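Here we start with a single chain on its own, the form predicted alone, put down as structure tokens.
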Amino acid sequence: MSVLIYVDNTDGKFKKAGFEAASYGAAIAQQAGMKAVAVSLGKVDAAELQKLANYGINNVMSSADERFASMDNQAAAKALAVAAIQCNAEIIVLAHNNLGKAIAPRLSVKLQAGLVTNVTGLPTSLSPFTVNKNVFTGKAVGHTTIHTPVKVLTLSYNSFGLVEKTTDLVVESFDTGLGQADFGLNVEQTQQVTGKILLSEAEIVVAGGRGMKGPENWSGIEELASVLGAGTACSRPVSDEGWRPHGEHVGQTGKIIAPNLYFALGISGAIQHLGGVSGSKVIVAVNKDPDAPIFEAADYGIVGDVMKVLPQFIEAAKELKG
């Protein structure tokens, strides 16, 4: 029996979410007395695959089929089902990112496996198999039991962390058996944003709301983010009004993030916004309204004019970095 972990890649490189899934899967394998097996789909060089040895992975099943570069969810689900059967996987772990959320339900159906998404920790019981997940936008914890022989889990970002445990790694090539008809997605062109930190990977996020008063004041947000090496984000009203691109919108209807540090500057903290950032380790809020809902979720709060507080944040950050 084994724990199978899908570690997705972008342009042949693994991301933090993949290493976190590997750490989590390896910990479950140790808890259950199983082997931790990772799956890599697409062209990834040997040095990159070897990094998985730092996170407790025993074996890697690697398919260097370049057709997986299209991130075809259906094809990836079929390949993972093949890998799960080959290594006799009882538990399958994926990151709770866009790709994992698309693949996991398909994989669950193919393997007739129970599925729990957005898991936040190791199983509290192996018999019956029970895990915890955040519910009601992070206001409560759900205890979910899976009774099927095979279980599929997606791990909430930044909920487990990176746990280094060096092991001897064996990399094996495996044939997914997929034909061209299994790849229904054809990517003709890809445009990538460069020079910016992806919100999904950012350890620190600096976000602004309508309290910033207009797009002309966003230079302060960008300067603080630059000094801290952070990603930039915004509330939904800001993106709806065209002050910032929709790709920066965080919240229940935007991107759901869980950085180590989240700055909410001039954001009131509506429940929809908090639903997308409640997984943050530390929240720092600045708002001139002392009754703003954001202060209920914040670890640190400043009641004041963000236009006056932000420059002080920037100077303090420069002193810290300098």
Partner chain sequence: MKILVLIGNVPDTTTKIKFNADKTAFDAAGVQWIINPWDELALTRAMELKEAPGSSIESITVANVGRQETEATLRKALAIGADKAIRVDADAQDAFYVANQLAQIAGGFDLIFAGVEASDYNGAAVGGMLAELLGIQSVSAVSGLLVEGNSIKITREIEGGSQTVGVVTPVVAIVQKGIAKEPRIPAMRGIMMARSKPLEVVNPVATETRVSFVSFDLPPAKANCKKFTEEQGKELINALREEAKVL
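Keep in mind that what you see is a predicted model, and the values were worked out from it rather than measured. Residue numbers count along the first chain shown, from 1.
Below, we refer to the form predicted together with the partner chain, which is not included among the displayed structures.
| field | Contact test, all of Ala29, Asn54 and Cys87, partner the partner chain in the model of the complex, heavy atom 4.5 Å | value | So, no: the whole triplet misses the partner chain.
| field | Exercise: Lys16 in contact with the partner chain in the model of the complex, heavy atom 4.5 Å | value | Although the partner chain is absent here, Lys16 would stay clear of it in the model of the complex, with no heavy atoms inside 4.5 Å.
| message | Is Met1 part of the interface with the partner chain in the model of the complex - any heavy atom within 4.5 Å? | response | No, Met1 sits far enough from the partner chain in the model of the complex that none of its heavy atoms falls within 4.5 Å.
| Should Glu48 be classed as touching the partner chain in the model of the complex when contacts are defined as heavy atoms within 4.5 Å? | Residue-level check for Glu48: no, no contact with the partner chain.
| message | Is Ile271 near the partner chain? Define near as a heavy atom within 4.5 Å, in the model of the complex. | response | Looking in the model of the complex, residue contacts with the partner chain include Ile271, since a heavy atom lies within 4.5 Å.
| Of these, Gly184, Pro215, Gly161, Gly121, which has a heavy atom no more than 4.5 Å from the partner chain in the model of the complex? | Contact residue from the list: Gly184.
| What residues of 125-145, in sequence order, lie within 4.5 Å of the partner chain in the model of the complex by heavy atom? | Heavy-atom contacts within 4.5 Å come from Lys133, Asn134, Val135, Phe136, Thr137, Gly138, Lys139, Ala140, Val141, Gly142, His143, Thr144, Thr145.
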